[in-house]
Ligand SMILES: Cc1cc2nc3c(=O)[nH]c(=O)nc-3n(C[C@H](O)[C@H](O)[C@H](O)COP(=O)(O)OP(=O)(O)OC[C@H]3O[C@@H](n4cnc5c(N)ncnc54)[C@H](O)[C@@H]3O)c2cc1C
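Quick heads-up: it's one chain on its own, the form predicted on its own, in structure tokens.
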């Protein structure tokens, strides 16, 4: 861990001590903004408020769990630092990388050591074919060479050129659109594992407009999907190069801790963990948030509020003030998943697997849906202990919540059994960690963007209140940072206006 991480942890602990025993209304002089939610979106919103706001502005972050970071969390397995949640950031969207640099992690940004992934399908580990957009092929030659599709599946794709144009004026499920143009095998063996790795969802239910927006103009144009994807690939090849993904030495889970440290280091930011907001009330000057047990409520006054929480708690807090926002957010479903991190002695392995890992199409009926060879993928893991090999598996998709209820030992056994079949792994781990992310990933169903537009319109009618997070603009870290930055910027603009001009 870097110095700023240690400072952040120290400040957060100190603040918890300072807040102990507070059971009366908390009034802060000057403009005060409360951010509900201490994940990367909430922490980013707090940082942007303090960075760009008036020097007299103060910010309080309220987080219901015992720690900040949400689904980003760094830990250790067999003494080696690893991520328990997301392990990389999309590098071609710079929001999260810029944030990491701002909070002192510039020297720790590192691209993957290898990005050579495979697909475990049709009974073998096969190379991920190049020349695709989220699994939708634009180049059939590497696809044919990979062996991922059957002869019949490959033969179906060229029919895309002969099909009558079909223009999708509205949204459509990714799986439906791709299957109609290229056949179900492309969806089942290419699109599903890639899209499932991002959303843990079902390609036949996920919105094209929300999840793969770059394909939407092709769908609306109605022409060949192969030709359209090839055009996207050609344009991308002319753009800036560089790595597609970026990690952080010690784990991406260090990022929220560093942002929290930067928030506290301003002297105007406070973070309270184990503090769940039960109610949100309008006042003459802004908002009142009620925390604490019903027998001893704690009221916190705020000039403005940012809700950086998942859809369900956001709906609960917004419903008394906007039935539309409450109803629309309540309709959004979430998927859960489990991550199993395994550490092995290299000397126990007949041969360490090569590449960055593999994805598993659901159609193949395996127990795991992916495996990442973390020691291969991230140089800092290998350097931390060259004698230990770390990998992780993921289990569970939308509709498979029962997986999360299984014992740790069962999930480890399932992972080892599939790894034995996939890569011939025949060794016992020296350490393991099972992490469950119940309801961790919002599902972008068909029509999601329209639903979010309704929510935003409703929230804009509420004075000095904004929302942000994975449910609104994308589930990736850069998208969450962008969503939080937008919310903070909107709140600062609202605070610059007299309250009467932005009320009801």
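Numbering follows the first chain given and starts at 1. None of these values were measured; they are calculated from a predicted model.
The same protein also exists as the form predicted in complex with the ligand; that form is not shown, yet it is the one meant from here on.
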| property | result |
| --- | --- |
| Candidate site 39, 71 and 441: all three near the ligand in the predicted complex by heavy atom within 4.5 Å | yes |
| Single option in 62, 50, 459, 445 placed near the ligand in the predicted complex, where near means a heavy atom within 4.5 Å | 62 |
| Of 86, 211, 419, 119, the one that lies within 4.5 Å of the ligand in the predicted complex (heavy atoms) | 86 |
| Contact label in the predicted complex: residue 202 to the ligand, heavy atom within 4.5 Å | no |
| Contact label in the predicted complex: residue 259 to the ligand, heavy atom within 4.5 Å | no |
| Non-hydrogen atom contact residue 310 with the ligand in the predicted complex at 4.5 angstroms | yes |
| 4.5 Å heavy atom contact, residue 337 to the ligand in the predicted complex | yes |
| Contact segment among 459 to 467, 475 to 483, 445 to 453, 51 to 59, judged by heavy atoms lying within 4.5 Å of the ligand in the predicted complex | 475 to 483 |
| Stretch 274 to 294: residues contacting the ligand in the predicted complex, 4.5 Å heavy atom cut-off | 275, 276, 277 |
